[in-house]
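As structure tokens, the next two blocks hold two forms of the same chain, structure 1 and structure 2.
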Structure 1
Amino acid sequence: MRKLSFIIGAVIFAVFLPTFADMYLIHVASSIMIFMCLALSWDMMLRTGQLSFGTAGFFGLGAYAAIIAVDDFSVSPVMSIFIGAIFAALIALGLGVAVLRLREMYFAITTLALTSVFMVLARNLSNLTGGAAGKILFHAIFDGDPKKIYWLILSFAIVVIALSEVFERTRIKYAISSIRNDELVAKSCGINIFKYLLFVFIITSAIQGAAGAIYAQQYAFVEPESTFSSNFLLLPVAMALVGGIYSTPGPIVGAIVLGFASEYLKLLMPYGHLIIYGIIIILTIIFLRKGVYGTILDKVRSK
């Protein structure tokens, strides 16, 4: 019961945040929630035992799809977010059939390479994507009203959190954790491994695509280097690891902690503040295997 009231309190706080916070805080909270969604989607894929480095790639795909939909086909900006998600999901379906046969490092490096492939495509298909210069829209979504954008991102984040909880609480959880722990056992229990992997891959890619679409609509531009930037891979990975993997609260806690920390670090050292993320990844893997959330949970339980 305490847990439920805490969740309701947090949601109410998040919904009414823009009414009393200043613009800067709203902006920071919006970008933290985008990264939170990416971290959750990365973690959802990791729960099946597959390490994906393709987060930035599908993020960029969604961003490009949304901007092109608005610019060339005059779709409404809110609809374009769905288009970004659907486009990323379709590409994930096509690629997943081949890529998901791979395991371990082969899967990881192929997804990493996919990001570069998407970037090269975006740079070279200049008729459609505007080439190296990218594409700029005249109007940001909601004419750039930060409060409305905040609520849009918040509702998206709630959908993603709910999806992640569905993955944690339904029978999907048993299927994907058994795939993670031992594929042979999973197979002999009658689980269609490939079907589940493809399902999770498509869902997570759609989340990443939608996140990219929202991000692109918020700033109203796409450009190969910054849209497919490795930040959209590095930060979510660091956030999920710090918070604790294989859970919903883990990446959320990690995103909030690291998100505010990075805002502070950006002011402290404008160049190369990303080195902190690298060191954090190394340190959490060596010393804090369960992440901040998992460690606290263990401490509380042992008392």
Structure 2
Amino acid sequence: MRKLSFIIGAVIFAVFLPTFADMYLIHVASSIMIFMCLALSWDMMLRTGQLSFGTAGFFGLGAYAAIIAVDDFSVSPVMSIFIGAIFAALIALGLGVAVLRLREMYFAITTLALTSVFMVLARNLSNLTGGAAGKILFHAIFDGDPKKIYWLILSFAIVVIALSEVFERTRIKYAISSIRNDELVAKSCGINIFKYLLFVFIITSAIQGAAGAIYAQQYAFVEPESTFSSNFLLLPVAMALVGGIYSTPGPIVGAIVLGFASEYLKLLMPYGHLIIYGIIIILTIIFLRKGVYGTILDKVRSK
């Protein structure tokens, strides 16, 4: 009940934020929500026991698919977001048949390598992707209106939160938790391990693709190095770990804490903020092993 109250309260605050916030805060909040969605998707895959490092790869695929759809096929910017999600999901379906046979570090390394493969393809398929120079649109989505873009990202974030809660409140939770704890026991209970892993892999990849599509439409530009940047992997992972893994509120809390901390540190220390940012992450992981949300929840329960 407390978890649901927290999520509802966060959503209500986010809905009314544009009524009193300036453009800078709206832009920061939009960016935080994009990374929050990536953090939630990474955590949803982690709940199966599989450590995926392919977040940036599917993010980039969705971004390129959206830009190409608008630029080359005159698809509407909003519709291109769905195309980005579908394209990432289809690639995940094709690759998942092979990579989901792997486990633990082998799976993690393979998904990390996929990001590099996608980036090399984007750089070399210049007729389609623009090559190393990338592709640019003449207009950002909604002509760059920060408030409209904020509402779009908020709507997407609410959908991702709802999906995460479905993973937490239906039989999917018991199946993937069983797989994470002991695959042998899960198999003996009649759980189709590969089916559930593939399902979660496709859903999380679609989320990452949609996030990339929104990000690309917001800035009207894609380029291999920046679009497939490791920031779209490392920051969501850090947010999930700091907030608390295996839950919906954890990545939300982590995204808010690290997102605003990052912006404050940029203003305070323009050339050294990443050092402090890293120290905050390390200290949180060492001393708050369940994350900020998990630690607070444990203290509330103990009272």
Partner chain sequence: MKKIMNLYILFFLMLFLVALFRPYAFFYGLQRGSLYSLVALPLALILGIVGLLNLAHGDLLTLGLYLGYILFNQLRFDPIFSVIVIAPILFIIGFVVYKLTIERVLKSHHLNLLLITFGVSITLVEFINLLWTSRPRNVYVPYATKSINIFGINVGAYEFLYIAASIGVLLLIVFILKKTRFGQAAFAVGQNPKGAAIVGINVKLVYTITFSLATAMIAIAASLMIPRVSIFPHLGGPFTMRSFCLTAMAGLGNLPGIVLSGITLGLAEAIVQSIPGYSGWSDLVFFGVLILVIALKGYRRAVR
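This is a predicted model, so every value here is computed, not measured. Counting starts at 1 with the first residue of structure 1 and goes up one by one along its sequence. For clarity, a rigid core is taken as the largest C-alpha set superposing within 1.5 Å between two forms.
Looking at both structures, it is structure 2 that matches the form predicted alone.
Core-superposed comparison between structure 1 and structure 2: the CA of F13 exceeds or equals a 2 Å shift. Superposition of the core reveals a Cα shift of 2 Å or more for L283 between structure 1 and structure 2.
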